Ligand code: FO1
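There is one chain below, alone, in structure tokens, taken in the form predicted alone.
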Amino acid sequence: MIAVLAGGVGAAKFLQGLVNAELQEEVVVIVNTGDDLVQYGLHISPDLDTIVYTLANLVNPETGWGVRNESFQARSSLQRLGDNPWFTLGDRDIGLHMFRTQRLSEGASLTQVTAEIAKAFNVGVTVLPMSDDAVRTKVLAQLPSNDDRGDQIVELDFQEYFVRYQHQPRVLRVRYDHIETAKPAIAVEHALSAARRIIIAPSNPILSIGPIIALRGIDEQLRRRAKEGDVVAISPIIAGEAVKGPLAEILDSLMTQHDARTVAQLYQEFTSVFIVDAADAHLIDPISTLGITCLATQTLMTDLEVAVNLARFAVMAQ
């Protein structure tokens, strides 16, 4: 079994490569749910849905999220009614959220509902939410003021920061609400114990992977498996820039720099092998001083072939 810690578009592309790599192994995906939100009474799980849509070959190729050929009549109706739906839901997408919300209200766990969704969409891997408990990523941000009062320091839900404010505010702190009491899903613990290889996908280490690692007991499991040489992490930073999203700006704000070595430092306790892009091969020696084996290959997944090669490289890396 191969277990993958995942969140967002980069992880979805990597998983697409993994399932097409013909490795003849069961794949279990452990997905961040710190980004989840409730809007118009609907439970929305953006990272889970991006991975399901991508593996079902339904994802919008232009955005990397949402459904291709989507319509937005519900959004138009809301706008006509004077609402401002800053988090856009497509009409087809809403159906999935309605199903999830209804099943949760009936007492099903998020793990159960996710399995039902993955089966309905013919996803050929096991997709697991990191927890059946609600964990919410909160961002303490510096919002520019339009008057003489100066900047405002406010704590935002992740989707407010990321979507509503287009991840423009300076990030001062990130925390995971309710992480102290949340438990990893039982299937997650079993997958991490049974997997012969654990891969940390090229996702944002603070916003996407951080909530998973912060769950009770997951950090200890990863530390143990890393010492055994079984954990591989892939850098989401290439040549000092994030492939997608606000990672570079966040690392600058919280850690003063944003190269692949910075990400390796975040994963130092939790991985045995760290993969960087060929453009960052000059960082192999500095990263190796952290006690991590560092390898370089092409990590920018420009097409499916590159994603397949990266997946095979990660699975075989020593």
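Residue numbers run from 1 along the displayed sequence. Fair warning: this is a prediction, and the values are worked out from it, not measured in the lab.
There is another form of the same protein, the form predicted in complex with the ligand; it is not shown, and what comes next is about it.
This chain is displayed alone, yet in the predicted complex one of Ser71, Gln102, Thr88, Gln152 has a heavy atom within 4.5 Å of the ligand; that residue is Thr88. At the 4.5 Å threshold, heavy atoms of Tyr165 stay clear of the ligand in the predicted complex, well away from it. When contacts are judged by a 4.5 Å heavy atom cut-off, Gln159 counts as touching the ligand in the predicted complex. Taking the partner from elsewhere, Asp49 is found to have a heavy atom lying within 4.5 Å of the ligand in the predicted complex. Contact check for Asp35: a heavy atom falls within 4.5 Å of the ligand in the predicted complex.
Stretch-level contact analysis of 274 to 282, 39 to 47, 261 to 269, 287 to 295 against the ligand in the predicted complex, using heavy atoms and a 4.5 Å limit, identifies 39 to 47. The putative spot formed by Gly8, Trp65 and Asp93 is fully lined by the ligand in the predicted complex; each residue has a non-hydrogen atom within 4.5 angstroms of it. Along 175 to 189, no residue reaches a heavy atom to within 4.5 Å of the ligand in the predicted complex.
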